[in-house]
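Okay, here we've got a single chain as structure tokens, the form predicted on its own, with questions on binding and movement later.
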């Protein structure tokens, strides 16, 4: 079997440095998905979505958790280190500079319009990821119902995400397990 060469640490660093430096206001997970799965083909959609799900239930920022997951899957501990260091290097220096020049930057005419435009783009990217993830994950009635229950619980009812996941996830896992056992016999 012909395996592609491993992704270099420099490539991992370069990608996550650009994502960290040129992102505004979060929602980086959709950008990471686009770059890692769609553009570069470093991971399959299923691998990425599994890691994204794990990243969302772990403590910390989803995008940094996702970067660590991707780096680890591609190159182990060194890949995870390269991804997280790269993701934080650019923003670290940008925030330091922004803090120094804050009064000058905030006074720029049109800055509020720029930030509103960037927020609209981030929401569009998030919506695209949600649709893409929904199509890939809903390969049956149980996953579709689990996604719908989570969306209604968190998005509509505004219940705490941890509580909703603590209820929906075990039920979904048990039903999927029982359905899988029924397929064997």
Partner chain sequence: MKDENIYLALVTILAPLSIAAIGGATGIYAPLQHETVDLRQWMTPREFIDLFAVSRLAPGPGSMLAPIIGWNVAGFGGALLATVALYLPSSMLCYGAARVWNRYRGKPWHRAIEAGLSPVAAGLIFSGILGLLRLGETGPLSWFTVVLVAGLLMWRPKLHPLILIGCGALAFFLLHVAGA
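If you superpose the two forms and keep the largest set of C-alpha atoms that fall within 1.5 Å, you have the rigid core. Residue numbers count along the first chain shown, from 1. If you're wondering where the values come from, they're calculated on a predicted model, not measured in any experiment.
There is another form of this protein, the form predicted in complex with its partner chain, and it is not shown here; the text below is about that form.
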Handout entry: 4.5 Å heavy atom contact, residue 31 to its partner chain in the model of the complex
Key = yes
Handout entry: Touches its partner chain in the model of the complex: residue 11 (any heavy atom, 4.5 Å)
Key = no
Handout entry: Contact of residue 139 with its partner chain in the model of the complex (heavy atom, 4.5 Å)
Key = no
Problem - Contact flag, residue 86 vs its partner chain in the model of the complex, heavy atom cut 4.5 Å - result: no
Problem - Residues within stretch 55-92 having a non-hydrogen atom within 4.5 Å of its partner chain in the model of the complex - result: 56, 57, 58, 59, 60, 61, 62, 63, 64, 65, 68, 69, 72, 73, 76, 77, 80, 84, 88, 91, 92
Handout entry: Yes/no, residue 11 Cα shift of 2 Å or more between this form and the one not shown with rigid core fixed
Key = no
